[in-house]
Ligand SMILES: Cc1cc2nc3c(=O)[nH]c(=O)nc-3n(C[C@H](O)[C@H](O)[C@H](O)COP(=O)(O)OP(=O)(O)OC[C@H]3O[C@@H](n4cnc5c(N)ncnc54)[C@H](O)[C@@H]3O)c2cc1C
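Shown next as structure tokens: one chain only, the form predicted alone.
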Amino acid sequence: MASPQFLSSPAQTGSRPRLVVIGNGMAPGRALERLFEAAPDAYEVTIFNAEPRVNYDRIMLSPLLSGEKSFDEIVIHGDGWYVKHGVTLYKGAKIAAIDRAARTVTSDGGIVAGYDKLIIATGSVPIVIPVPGHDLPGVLTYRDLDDVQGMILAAQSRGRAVVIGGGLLGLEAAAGLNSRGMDVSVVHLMPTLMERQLDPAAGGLLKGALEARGIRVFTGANTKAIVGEARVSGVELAGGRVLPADLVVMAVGIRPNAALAQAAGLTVQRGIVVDDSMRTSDPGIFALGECAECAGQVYGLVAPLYEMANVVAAHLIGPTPARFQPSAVATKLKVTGINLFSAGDFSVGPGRQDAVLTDPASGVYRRVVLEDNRVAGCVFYGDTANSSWFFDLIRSRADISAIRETLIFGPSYGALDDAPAAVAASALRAA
């Protein structure tokens, strides 16, 4: 049975409505921050966390893996925060069932808690490719602190690692293991790394930067099997090549963790279906974070998850017009020495134009996608100094007609003649 940690203030009387939160990640943590800021005594709050620890910044798992951060440095809410706000926190207590009729939740250790309002924030689960050998010892996913600790332990041998997946998390895992002295290979099914965030040109520059660090990158490569007897010894590709491996990290994607909600009879499709107030099909239950599906979309980046959190907090406080309206999101690769930024929609289409700047000698690439004299998306590699300015243009949908000719050079250049001489090529072309 999980050991509960009871953290509450003497002021609790039992007369306030009960708010139970399933999950203790960044999204529910932000919702509680906003709730306590606006109405600190509105609810008696109980949190069930499947992980045996407090709330931490999952975005910082990659610097933790590389050794640039310690766990204490990525904690968002330490034990004192729960004490201060009179929160009852159960660590290592996974909820096994929700009884909507009785308005109770029950943990796998038998703890029962009643609720007046419930927040489900069960996050996501990593996708594991069901190839032969996927369950061998030495095969890990990359999702939480336990996964990182497993990789750090494996890296002590300074052996060989294969990372399956060339997306954001996969590349951060590869760089972290490489920095710890492992011989690392990346296997990616698609022809371009981070194809959801990068165009082929930026993806090619990224591939070159990783290979310069000694990380082998195999794109357009399909994993056929993970080989080994007692534990993993290699990864076999579809063409028959076998990459030796003492550690295999699967980072091929995530899916919403909605099984608990589905078992409780809530509407579930890809994720737990919510309206724009983040309410589920049961109006007394909210869902937010990676487990939630709003208007047919699920989200994995922190910005929209925090927007969800703000909406939930507002509705917990009282009647409000607050609605979830996701804004543009940006992606940065958290690998020291590699500067990469991507935001908005940079796909090709009728009526779209590209402003492109390249400086091969310096490894600089910028692409800004324009539509109706507005910035629709951008991809920067090498020099990301003005990325926040471009991101603001995407979010505000500002008319850039007056600076169209010099836009690619950033906010510091009022005319094309002011452009830096080091630029090797700049072009405005039909997408």
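Given the structure is predicted, the values throughout are model-derived calculations rather than measurements. Residue numbers here begin at 1 and follow the sequence given.
Not on display, but discussed next: the form predicted in complex with the ligand.
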query	finding
One residue of 274, 118, 93, 105 in contact with the ligand, assessed in the predicted bound form (non-hydrogen atom, 4.5 angstroms)	93
Heavy atom within 4.5 Å of the ligand in the predicted bound form - the one residue of 42, 59, 38, 400 that qualifies	59
Distance check, residue 51 to the ligand in the predicted bound form, heavy atom within 4.5 Å	yes
Contact flag, residue 172 vs the ligand in the predicted bound form, heavy atom cut 4.5 Å	yes
Partner contact for residue 408 in the predicted bound form: the ligand, 4.5 angstroms, heavy atom	no
Residue 302: touches the ligand in the predicted bound form, heavy atom cutoff 4.5 angstroms	yes
Stretch in contact, per heavy atom within 4.5 angstroms of the ligand in the predicted bound form, of 341-349, 288-296, 204-212, 174-182	288-296
Those residues of 21-55 which, in the predicted bound form, come within 4.5 Å of the ligand by heavy atom	22, 23, 24, 25, 26, 27, 28, 48, 49, 50, 51
